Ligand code: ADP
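The chain below stands alone, shown as structure tokens; this is the form predicted alone.
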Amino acid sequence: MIVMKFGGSSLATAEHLRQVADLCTRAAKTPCVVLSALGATTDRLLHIERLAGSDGHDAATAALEALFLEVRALTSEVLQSPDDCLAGLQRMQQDLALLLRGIAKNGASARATDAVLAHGERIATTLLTALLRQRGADAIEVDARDVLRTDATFGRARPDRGQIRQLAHQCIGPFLGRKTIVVTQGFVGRSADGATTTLGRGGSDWTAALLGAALGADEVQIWTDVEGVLTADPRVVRDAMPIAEMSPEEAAELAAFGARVLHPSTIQPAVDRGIPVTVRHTMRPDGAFTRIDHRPHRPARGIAALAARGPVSVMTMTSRRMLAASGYLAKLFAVFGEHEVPIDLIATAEVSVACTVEADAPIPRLIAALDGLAHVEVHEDCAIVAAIGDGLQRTERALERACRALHPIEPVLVSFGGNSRNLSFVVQRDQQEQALRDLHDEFFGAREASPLAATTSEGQTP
């Protein structure tokens, strides 16, 4: 069996929904289908919840009616006999209206937010299941909350993988054994005490990998609006190219440094079970795609892709006491731990340490806490531009070529050597896009000429 996850952009229109139904019914192996909310539904539900908490029940109810009016119109467009589906949608609207009334009366909470947002995915699965049955498919909707057991950290719940494995075999396994298409929600779970939870934005990808691992899938397919993972953000670099194959480590690094195709935690459950993840274009299923696989299919190739993330701030801490002082760095970074501030990049010299922190880090409090340990200088409004690739350190002249390509941009900080697959430059944020384009021109500008250029996998089908 396979897991097929479709994002919101793949479900936004009648044409897209019909295409998703086609892909599910034509799949070579029995699919478990994981859906995000339709289009921008999650954002709209969040806005409606905020209206309930601030402007009152009437404003929220009007916005809710407008949302479901559009959903009902879409349902009537794609279904020949929409009555049963419309009745289910009506019940969801009534449930949401009750939740909003409670929020208007008692105020918002993280628990209430999760209960509201979960309806976005439920709308999508109700509609697609009805469409699949209209096509003659044996399809069933399974409530993800019956399978995805989590803790009670609302808004960013942590899955219990042992419980998920057991529940997936109980609730989903029997249907897949009968060749039934199972349709379920991404992003949504349930705590041990029965409360609805969510994994956080982007959590539908994570759900797909968790279910793939639990069910022993042959493949987890992430269907989106790009032909796989690209060598750079195509909104910035027009000639960005799909990457045919990546290692899980490369994909994880790209996710951590700003690539938006994958949720940072998506691939880990699949990697742990040795399950490949592919990233595919919903409307171009026979086009290029990316395969993320733990099994080596190619030698280390140097730079595979570029990513950028910002804003970040650079803190440079200087003290003569650091010179040959045992335990000094431990004291320095203990301050960051006490203030729960994560650090991304670090560079050290004889008497100074530079590191990057998120732009919203409590820098004044850190500076006060570091008083007596170090003098602190801060560069704000910066961005990290990262070159990612297995075997990067063994690539001849990679650092030299990158520095030459960036000229005349002068990086605030350079990090190279922390692992074998990341070369990062911190630049001013207004230089971020130019830095991406310059590096891409250097390493991917001539596809045929460069040994580091990406290749694509054309004509492969699910």
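Take the two forms, find the largest set of C-alpha atoms that superpose within 1.5 Å, and that set is the rigid core. Source: prediction; values computed, not measured. Each residue number is its position in the shown sequence, starting from 1.
The form predicted together with this ligand exists for this protein as well; it is not shown, and the discussion that follows is about that form.
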{"item": "Region of this chain that lies against this ligand in the predicted bound form, out of 340-348, 252-260, 155-163, 136-144 [heavy atom, 4.5 Å]", "value": "252-260"}
{"item": "This ligand contact at D225 in the predicted bound form, heavy atom, 4.5 Å", "value": "yes"}
{"item": "Contact of D390 with this ligand in the predicted bound form (heavy atom, 4.5 Å)", "value": "no"}
{"item": "Partner contact for R235 in the predicted bound form: this ligand, 4.5 angstroms, heavy atom", "value": "yes"}
{"item": "Touches this ligand in the predicted bound form: A244 (any heavy atom, 4.5 Å)", "value": "no"}
{"item": "Of A386, I181, V116, V229, the one that lies within 4.5 Å of this ligand in the predicted bound form (heavy atoms)", "value": "V229"}
{"item": "Residues of stretch 337-359 in contact with this ligand in the predicted bound form (4.5 Å, non-hydrogen atom)", "value": "none"}
{"item": "Rigid core superposition, Q432 Cα moves 2 angstroms or more between the shown form and the other one", "value": "yes"}
